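Encoded as structure tokens, the following chain is the form predicted on its own, with no partner shown.
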């Protein structure tokens, strides 16, 4: 069980220095299956959460902090062991990141993936063509051939990861879940930065260990956490240290990652991938009413008492969405705490004070 314990508690797991044959990606809309089909290991680039310095020479300070953080890692050598990186066109900042990454680093294997906004039939067809183009670029760059069978095997492998994480997540619907929200976040993060076969074996082992165990921990307010990308669980740790429990998270590093499965029976794996990855319920992809219905179901299923909505400064997508979602949650009887910060660490004291007051109000 020592390896399992390391899996759950080791905070620095997932360093690209630990990953062989790694190909980095930033957006949850990048299909891991294509990377696996090329014989590589998907590595989700989540950054350090600290202020950027080198990146400011290439991109404005008013850009999405996660974009600046990712470029900072590329410039300071944190990701030099990766064999390549895929930058998805999900915002203006990411488009600029693609150029800056190519110009500012020695890596020649920087791939671009155009991601349409929406999931209707025309956009799915467009995304399918973009995935096909990405696959050809990777085949040329790495000297490999990505067969349909390799994609099908990768789809089955990633679907297994998603199903295992969903089983673990569903345990949090209990009054006293058998693990903390911080630990679950670490599991999901770890699953996006390591070889899927290793991940699946360890998740199965952990599920077997939990079988029959009773939950433990605080009976404090049950919190839904949502908003901008989070690369570390410090905010979850803070919430739980103050007496609440994070029982679900609408985050691209959280439940969005395993929100649905890819169709394993499709004759065309790229069509199945295009359909699934455009249907991930992020604030960018889904219309506001559909997204609200998804969030309300989550809040009801996990019996949420309150919502913490965290956004990074200049993350326009979530800043734009917030007023509508706040009003909806408040009408549904779920108080909302809004937190905006350039990064978590520089605002820690202020955030702790506000979170403490919110939890006391809920209690």
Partner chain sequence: MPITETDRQKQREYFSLQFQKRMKRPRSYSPLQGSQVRERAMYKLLMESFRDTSTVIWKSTFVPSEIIYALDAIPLYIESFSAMAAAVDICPTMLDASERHGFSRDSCTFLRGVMGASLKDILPRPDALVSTSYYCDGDPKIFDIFAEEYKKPHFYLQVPFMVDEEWSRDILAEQLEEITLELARVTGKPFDKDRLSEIINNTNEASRYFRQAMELRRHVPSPMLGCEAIDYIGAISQLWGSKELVRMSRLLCEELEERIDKGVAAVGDERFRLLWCHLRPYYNDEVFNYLELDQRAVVAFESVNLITWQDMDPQKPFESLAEKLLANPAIGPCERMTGWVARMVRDYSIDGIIWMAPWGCRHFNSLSQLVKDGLRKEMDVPFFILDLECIDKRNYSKEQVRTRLDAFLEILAEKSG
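For clarity, every value in this text was computed on a predicted model and none was experimentally measured. Positions refer to the first chain, counted from 1.
Although not depicted, the form predicted together with the partner chain is the subject of the following passage.
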Taking the partner chain in the predicted bound form, would 287, 314 and 324 all count as contacting it (heavy atom within 4.5 Å)? yes
Heavy atom to heavy atom, is residue 213 within 4.5 Å of the partner chain in the predicted bound form? no
Does residue 149 reach the partner chain in the predicted bound form, with heavy atoms at most 4.5 Å apart? no
State yes or no: in the predicted bound form, is some non-hydrogen atom of residue 333 no more than 4.5 angstroms from a non-hydrogen atom of the partner chain? no
Contact test in the predicted bound form: residue 329 vs the partner chain, heavy atoms, 4.5 Å: no
Of the options 228, 159, 89, 192, which one has a non-hydrogen atom that comes within 4.5 Å of the partner chain in the predicted bound form? 89
Checked 208, 120, 219, 265 for heavy atoms within 4.5 Å of the partner chain in the predicted bound form; positive is 120
Select, from the options 124-132, 199-207, 162-170, 74-82, the stretch whose residues sit within 4.5 angstroms of the partner chain in the predicted bound form by heavy atom distance. 124-132
